[in-house]
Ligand SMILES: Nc1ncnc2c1ncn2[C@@H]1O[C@H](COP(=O)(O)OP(=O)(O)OP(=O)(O)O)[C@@H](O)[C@H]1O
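Listed next as structure tokens is one chain, alone, in the form predicted alone.
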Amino acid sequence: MASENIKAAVDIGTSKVVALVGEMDDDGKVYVIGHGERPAEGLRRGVVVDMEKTVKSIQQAVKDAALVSGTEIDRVTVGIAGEHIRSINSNGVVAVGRADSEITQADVDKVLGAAKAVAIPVDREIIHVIPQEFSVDDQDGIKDPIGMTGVRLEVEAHIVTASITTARNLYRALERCRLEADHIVLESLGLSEAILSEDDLDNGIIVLDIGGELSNMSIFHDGAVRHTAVIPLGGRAVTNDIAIGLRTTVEQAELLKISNGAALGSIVDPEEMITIQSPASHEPRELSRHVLASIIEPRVEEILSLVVREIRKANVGDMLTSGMVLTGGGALLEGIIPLAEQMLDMPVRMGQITNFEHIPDELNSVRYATVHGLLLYAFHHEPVRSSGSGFLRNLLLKCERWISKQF
């Protein structure tokens, strides 16, 4: 990039690829200065299945963003998601190194290294080690122990792992686009940068991003992530249900979902009629909008029931005083908020992109919340230079060494 005050991010989603360029001024305010969007071709459920199509989608989105912003894009922060993502909580303990018992950054790095010393399969790689809280001797609940005095430092951390093969293919796609990665970020973590406040993070909140083929969720409490999960259903499942139930095309079903869909049948007037174009005939037909809602509601309920299961698994239900925030194109269904409040028994709201001084009107939607979060992540974290010991190059080398040993 021409300036360290200019960053780029790419959201390689299940339905679209979005590139975003932002500039930060001297006061720390971020402005979106360019964007590009293309359909996500060559990807299925967050995994590259056709390299040529994936490369083309990324190239075109990045090219459009570079043209609009008037900058050259050679480094990006990229989101990673998919059913291959796994997460666990771990802890690490070390003795403080200095003779005067003052805790330094080296001690923090060492204890995080101890936390990530967990057994993971050979085909997986750690992409995030996120500290939840530290303990110094007998004092716990510490957010930043640097400068404190003690002889024993302990950390509770959230560890996120990804499939080496999937991450390697992502790296290959970026390499073929002549792009280097400053960061590879779990999308739901990047998303939190754009839509959550400090109060949300402290009080406890769920972020549910309903994408095309997948939904990503994260649970935050006490200022740290406590649980992450990928739900294998998204807005496209709703569209397919409509296409099958109404015997229409997927394209027509998507239009019906966007223009007339509702996630809760009880809020729809049974007398309200909608027009459906049948693929077998040019004659349109009339149908009650309530019938459409009755097709959509069970699938949305299924997605939310999987969210409830993850909340129980995380054992944090009583801590989520801020409730849940919804994002993603699949969350734009009328009635989804009251349905979610009924099923989760907590307050639910639609997300809003924050922490930007300027966003183009066409991008100021929860459909684009993830890429905005990735852009903020780029500004808030130092780049991992791939020419040295960056994640992706280490990942590639590890994978190649493993392959050479096997064959």
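If you're wondering where the values come from, they're calculated on a predicted model, not measured in any experiment. In this text, residue numbers run from 1 along the sequence as written.
From this point on, the text means the form predicted together with the named molecule, which you will not see here.
Taking the partner from the other structure, the named molecule in the model of the complex has no heavy atom within 4.5 Å of any heavy atom of residue 122.
The closest heavy atom approach of residue 161 to the named molecule in the model of the complex falls outside 4.5 Å. Within this chain, residue 185 is remote from the site of the named molecule in the model of the complex, having no heavy atom within 4.5 Å. Interface residue remark: residue 239 is counted as part of the site for the named molecule in the model of the complex, having a heavy atom within 4.5 Å. Put simply, of 95, 258, 88, 250 only one has a heavy atom within 4.5 Å of the named molecule in the model of the complex, and it is 258. Interface residue among 316, 108, 332, 142 relative to the named molecule in the model of the complex, by the heavy atom within 4.5 Å criterion: 332. Contact with the named molecule in the model of the complex, judged as any non-hydrogen atom within 4.5 angstroms, is confined among 268-276, 210-218, 71-79, 96-104 to 210-218. Contact residues in stretch 15-44 (any heavy atom within 4.5 Å of the named molecule, taken in the model of the complex) are 15, 16.
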